[in-house]
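Next comes just one chain, in structure tokens: the form predicted on its own.
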Amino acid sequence: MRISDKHQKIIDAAVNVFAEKGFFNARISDIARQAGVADGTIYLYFNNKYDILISLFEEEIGKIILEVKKLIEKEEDPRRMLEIFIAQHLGLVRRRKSLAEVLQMELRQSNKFMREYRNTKFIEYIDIISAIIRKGQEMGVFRPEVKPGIAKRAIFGAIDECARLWILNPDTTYDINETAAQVSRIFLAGLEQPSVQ
């Protein structure tokens, strides 16, 4: 098995173990067993469990960023771009539930992570929203008085809370696609210039 393959197997195993047991209850031996490697092999790639969490966050968010950027680059209409971002974020709960749970719940419970880690990948991710808003403003589609920095946090906060609902209550009757469409409509109604609505 190539080095990169083992690294990814450990990351994938950590996602499943952290989602199932929680970050604090998970042990290196649990991750090793899930990955099909010896406990000591983990330490060839990571210093400790916290290091695995940071690597998992950076690598997986990095993949999500590339995926979202690739999809929105095909679009010219900033309204459609925003719809795609929202749908992709909420769709993560359905496509990769364990990863969504770790990103949504476990990271926030680690005070060390929240206090010490500079969330450059997370900032890059939500900056996609502000870039879409600026593009819409330049095109005269979105209101010029809207501050992209405030709007990106409001939009991300809304979809983040919707994602949390499905993680904590998977039996909810809310449909992911319909929720994505409604959230998009709510924010677009506030962002669009009256003349283009």
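This one's a predicted model, so the numbers in the text were calculated from it and none came from an experiment. Each residue number is its position in the shown sequence, starting from 1.
The same protein also has a form predicted together with the DNA, omitted here; what follows describes it.
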property: The DNA in the model of the complex: contacting segment from 167-175, 130-138, 58-66, 24-32, heavy atom within 4.5 Å; result: 24-32
property: In the model of the complex, A158 touching the DNA (heavy atom, 4.5 Å); result: no
property: Close approach of K49 to the DNA in the model of the complex, 4.5 Å, heavy atom; result: yes
property: Touches the DNA in the model of the complex: V37 (any heavy atom, 4.5 Å); result: yes
property: 4.5 Å heavy atom contact, I150 to the DNA in the model of the complex; result: no
property: Any residue of 41-72 that, in the model of the complex, places a heavy atom within 4.5 Å of the DNA; result: T41, Y43, L44, Y45, N48, K49
